[in-house]
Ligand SMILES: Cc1cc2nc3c(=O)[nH]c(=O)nc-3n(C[C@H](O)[C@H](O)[C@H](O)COP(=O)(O)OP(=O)(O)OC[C@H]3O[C@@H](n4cnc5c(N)ncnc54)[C@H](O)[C@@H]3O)c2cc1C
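Take a look at this one chain, the form predicted alone, written out in structure tokens.
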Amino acid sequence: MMRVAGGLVAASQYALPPFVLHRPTTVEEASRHVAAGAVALAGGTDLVAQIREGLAIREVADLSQVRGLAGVSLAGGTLRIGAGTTHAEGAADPALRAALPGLAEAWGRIATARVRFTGTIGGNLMAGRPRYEGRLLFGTLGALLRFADGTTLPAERLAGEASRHRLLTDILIAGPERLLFRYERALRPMMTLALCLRREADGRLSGRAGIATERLAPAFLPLPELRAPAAEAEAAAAAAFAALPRDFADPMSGNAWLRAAGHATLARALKAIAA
């Protein structure tokens, strides 16, 4: 930002200090630049926002020429989503819509139209901003994040600083054909809630809910095993929200409101899945 007599003026591209631009063509090359401190540039929507907020950049790794970072595929019972997949591409992908329609529907509702056609799911996750919905969606699904160095990390445990110098390549979801997923965002920004149930071989349903707000990173709440979600919805929602930490309190609402609204929203989601 530039400070002038009348206050603060958003910086333009003309106010940016010089930086080094790398244009890698392979995942390995891109990973080396990111590990050395370069900022990854994919869709650029979050990077531009960070620059306007005062981020100083010295090196940028442009990922636009790197092959293999985008796309959705299903193989060996695992759904793979490339980190370079834009929100619009992911939500419309036939493989995702067939394997996990609840995620495709939820993914198509996040962000604005401009961001959906430009921003990538990898950028959404790696930005580490609580208001970005990727971590809530994929954390509730139990997805694994795979990095270029071969390491993996559960999406629910993603922390910005811990992964800032690693290149995210894939999001992996095991057994999508056994998953039921629903996303409730009518109360956003005060609260959003995701629900994932997994069908077990004996007909039981196990799973969890994820809750987040504009300011709070997601909390993930285990659900008791279910056999009849519609009949057990109220009791299951009460049991889940009994585990919500007392310090999970957004300034806009507070813990008590989140418990009450979350309970009602989760019970409704369970009944909708059962239907």
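In this text, all values refer to a predicted model and were calculated from it rather than measured experimentally. Start at 1 with the first residue shown and count on from there.
Another form, the form predicted together with this ligand, is not on view; read the next lines as being about it.
Q: Quick one: does Met191 come within 4.5 Å of this ligand in the model of the complex, counting heavy atoms only?
A: Met191: no, not in contact with this ligand in the model of the complex.
Q: So, in the model of the complex, is Arg198 in contact with this ligand at a 4.5 angstroms heavy atom limit?
A: Although this ligand is absent here, Arg198 would stay clear of it in the model of the complex, with no heavy atoms inside 4.5 Å.
Q: Counting only non-hydrogen atoms and a 4.5 angstroms cut-off, does Pro229 reach this ligand in the model of the complex?
A: So Pro229 does not count as contacting this ligand.
Q: Quick one: is Ala236 in contact with this ligand in the model of the complex, heavy atoms, 4.5 Å cut-off?
A: Output for Ala236 is no: heavy atoms all beyond 4.5 Å of this ligand.
Q: Using a 4.5 Å heavy atom cut-off, indicate which stretch of 32 to 40, 220 to 228, 205 to 213, 240 to 248 touches this ligand in the model of the complex.
A: Result of the contact check: 32 to 40.
Q: Which residue, Ala111, Leu158, Leu172, Leu179, is the contact with this ligand in the model of the complex, using a 4.5 Å heavy atom cutoff?
A: Residue within 4.5 Å of the partner: Ala111.
Q: Looking at Leu145, Leu141, Leu79, Leu167 here, can you tell me which has any non-hydrogen atom within 4.5 angstroms of this ligand in the model of the complex?
A: Going through each option in turn, the one that passes is Leu167.
Q: What residues in 50 to 64 sit within 4.5 Å of this ligand in the model of the complex, counting heavy atoms only?
A: Residues within 4.5 Å: Gln50, Leu63.
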